[in-house]
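This document opens with one chain alone, in structure tokens, the form predicted alone.
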């Protein structure tokens, strides 16, 4: 189990970090003014679309790239300018990079041998790692004789064997099929909890980030837009990009009717007023429209005469566990409702008028 005292300490501290590739007119800024603190024993995720800078930041932490400006400290020691061998980190790559001519056990023990560890220590640690990833019976097999998920476990065991302070994972699940990817999400979380090692995980998959992480940093265009727990990132996005990137989202342009401490009352299509939470430091102008976000699952069906707003059904898409209903509100705005299914659930017909009732605290005003 993770020790809470250890988790309260700082493992990685990044201040004012930037990374520029090229020079002059051809220069490209991959990272801009990154300030970030990662705690000891934390499962931390860098999340964002392709090209946002998350892998570049991981490579800077690993020492494969050097920052153009800024400070990078691991366990209190400045490592900017130092190579990978001078840092207490290990990396698991997308392609696993296992040696095809070596057995599973030899792959796991390879790094320890390169560090000059005694033979007995290599054998004991390899046996421990095989037990940790539940592959004792496959110790003598070659990588080509095991599945993709098992190869990933071997790569994890090899990276964990030297007991680094930090394990960096560069989209290690991307090559797996959906079912195996979900299984390995649980395995990664288990390994991190059992070892207590700080994991820094890079992904573009929102579900992976939300289900596995202690905290998530959402990145775009080389910057961190929002940092927080999965619950905070999902339920309290501060910017439109974050709200749109994390899960399905409804955006509504609504006028501000009045202000209240920490919130604003906005006028819904149809004329009723409801409260929307405000991000810290934002004070909208009464009468002007603001962008409000609401998740599809935070809306329930209601009789039209008892609803806060109504919409006309345009289509309904069945997803097994739930159905996504696409509506057109009375003011012309599009809207999605996510409805939980049961054996008796019937899909609403196109053209039907549906009443909508909002969950308390469901609306949140965005900064842009």
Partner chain sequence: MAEQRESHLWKWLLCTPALLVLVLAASGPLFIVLAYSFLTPGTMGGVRWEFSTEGWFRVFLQRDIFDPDEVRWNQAHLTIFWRSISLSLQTTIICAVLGFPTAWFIATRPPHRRALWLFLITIPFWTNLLIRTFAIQELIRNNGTINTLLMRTGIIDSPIQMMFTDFAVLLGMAYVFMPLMVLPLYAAMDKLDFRLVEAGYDLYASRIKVLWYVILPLVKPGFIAGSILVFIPSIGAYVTPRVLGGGRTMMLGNLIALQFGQGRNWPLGAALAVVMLVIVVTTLVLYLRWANREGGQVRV
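From a predicted model like this one, the values you see are computed outputs, not experimental measurements. Positions refer to the first chain, counted from 1. The term rigid core refers to the maximal set of C-alpha atoms that superpose within 1.5 Å between the two forms.
Beyond the structure shown, there is the form predicted together with its partner chain, which is absent from this document and is the topic of what follows.
With its partner chain left out of view, the stretch that reaches within 4.5 Å of it through heavy atoms in the predicted complex is, among 112 to 120, 130 to 138, 175 to 183, 230 to 238, 112 to 120. Candidate site formed by 90, 100 and 162: every one of these residues places a non-hydrogen atom within 4.5 angstroms of its partner chain in the predicted complex. The contact residue chosen from 283, 147, 211, 95 relative to its partner chain in the predicted complex is 95, the criterion being a non-hydrogen atom within 4.5 angstroms. Between its partner chain and the residues 247, 269, 296, 84, the one pair within 4.5 Å by heavy atoms in the predicted complex involves 84. Using a 4.5 angstroms limit between non-hydrogen atoms, residue 59 touches its partner chain in the predicted complex.
For residue 279, a C-alpha deviation below 2 angstroms is recorded between this form and the one not shown after rigid-core alignment. With a cut-off of 2 Å and the rigid core superposed, residue 100 has a Cα displacement that reaches or exceeds the cut-off between this form and the one not shown.
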